[in-house]
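Here we start with a single chain on its own, the form predicted alone, put down as structure tokens.
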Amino acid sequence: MDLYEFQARQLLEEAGIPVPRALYATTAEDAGSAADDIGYPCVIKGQAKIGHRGQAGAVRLAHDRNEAESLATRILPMSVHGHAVNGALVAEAKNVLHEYYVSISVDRSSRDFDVLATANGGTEVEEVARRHPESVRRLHIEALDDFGTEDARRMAEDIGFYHADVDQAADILLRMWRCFRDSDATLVEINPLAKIGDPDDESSKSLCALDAKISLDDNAAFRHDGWRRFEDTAHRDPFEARARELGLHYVHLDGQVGVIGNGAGLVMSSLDAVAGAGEEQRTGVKAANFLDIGGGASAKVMSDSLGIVLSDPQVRSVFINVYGGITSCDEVARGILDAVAEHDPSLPIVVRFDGNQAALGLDILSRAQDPRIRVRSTMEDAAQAAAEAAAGERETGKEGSR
């Protein structure tokens, strides 16, 4: 679950990390009132779950109420690279002396945690890292290890907080780690972690998190009742919401073939097979979703899953790919027939079974004698058939709309 900046700030504040004072607003009038409360100049920051908002014009400086409301009027309806703006954060404008970048993330390739930092933070940090990789400091933390005070201090010294208090930098790194660990996060990023204050007054200088990005592990939601405050009901995908209610692992994509399988690896392979078939056929057909029914799925789980996929108007065919282990293919077959009976789809459903009770499952489907259900013996053949069917349905739909 990716958080908006204003939500990420909440977790940083709770961890004791300094952030500028800010108020969240959903209308231009609210933004004006918030700006009066914060004081001028202040920053109007469009809230979207993506970076580079400043370059897109969604982060602007306001010097009075009229300007704050005018900027909010322009920013609130915006989309940043396809991500709709959801409100505006009205924040104190700080005098920035230097910008740093710090993050803690899950490194899936090395199966540990990655602390990443550079003294060259800001909006172009990716380009800086590409051109000057030597400026980036990295520390790997083993999954069962901890990140303590001495580790944080060594990291702060290694980064090169030239104008910042190393002790404060180490303290922020340590608090970031605790926030990351205790929140079951996959990413805690501060960019920039800024040195702020009066350049002529040493006592005024301090570090402050001016922007933050945090991603939480959805699989840990059962441990965190407080995460309900982060639910994005305004932009929640209705199919993903329905799947979540049913306890299904579903991600809505932008293709035409509904994909259902058991096991994340098998479903991912199925998505790739569909995309490959679409490229080979030069139709551009892709998967419309990722849906993993998991191990030991019952007929009802299969029926619920197929019902969600069939309710998606962008779906033109369905590819069901099941390798029976704990999951029994005869149960899956019964679930398919239950869903077909309930929803009476006009779309073709391509099925590939292998493993536990595959022969029985295929026999159940065969005896149903439903022309919409098409059986293939391999994943590649089934993906090809589903892609062809989706392309054909898409063309039929175009003709019918003329």
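All residue numbers are counted from 1 along the displayed sequence. Worth saying up front: this structure is predicted, and the values here are computed from it rather than measured.
Below: the form predicted in complex with a small molecule, not depicted.
A.B. asks: Should K94 be counted as a contact of the small molecule in the predicted complex, where contact means heavy atoms within 4.5 Å?
C.D. replies: Residue-level check for K94: yes, a contact with the small molecule.
A.B. asks: Taking 4.5 angstroms as the cut-off for heavy atoms, does P192 touch the small molecule in the predicted complex?
C.D. replies: Contact with the small molecule, yes.
A.B. asks: Can any non-hydrogen atom of V43 be found within 4.5 angstroms of the small molecule in the predicted complex?
C.D. replies: Residue-level check for V43: yes, a contact with the small molecule.
A.B. asks: Is there a non-hydrogen atom of A62 within 4.5 angstroms of a non-hydrogen atom of the small molecule in the predicted complex?
C.D. replies: Answer no; every heavy atom of A62 is more than 4.5 Å from the small molecule in the predicted complex.
A.B. asks: Heavy atoms, 4.5 Å, the small molecule in the predicted complex: which of 22 to 30, 361 to 369, 338 to 346, 53 to 61 makes the cut? Say which one.
C.D. replies: Partner-contacting stretch among the options: 53 to 61.
A.B. asks: Considering D171, E99, D292, D304, which brings a non-hydrogen atom within 4.5 Å of the small molecule in the predicted complex?
C.D. replies: Contact residue from the list: E99.
A.B. asks: Pick from I104, L71, L210, I260: which has a non-hydrogen atom within 4.5 Å of the small molecule in the predicted complex?
C.D. replies: After the contact test, the surviving option is L210.
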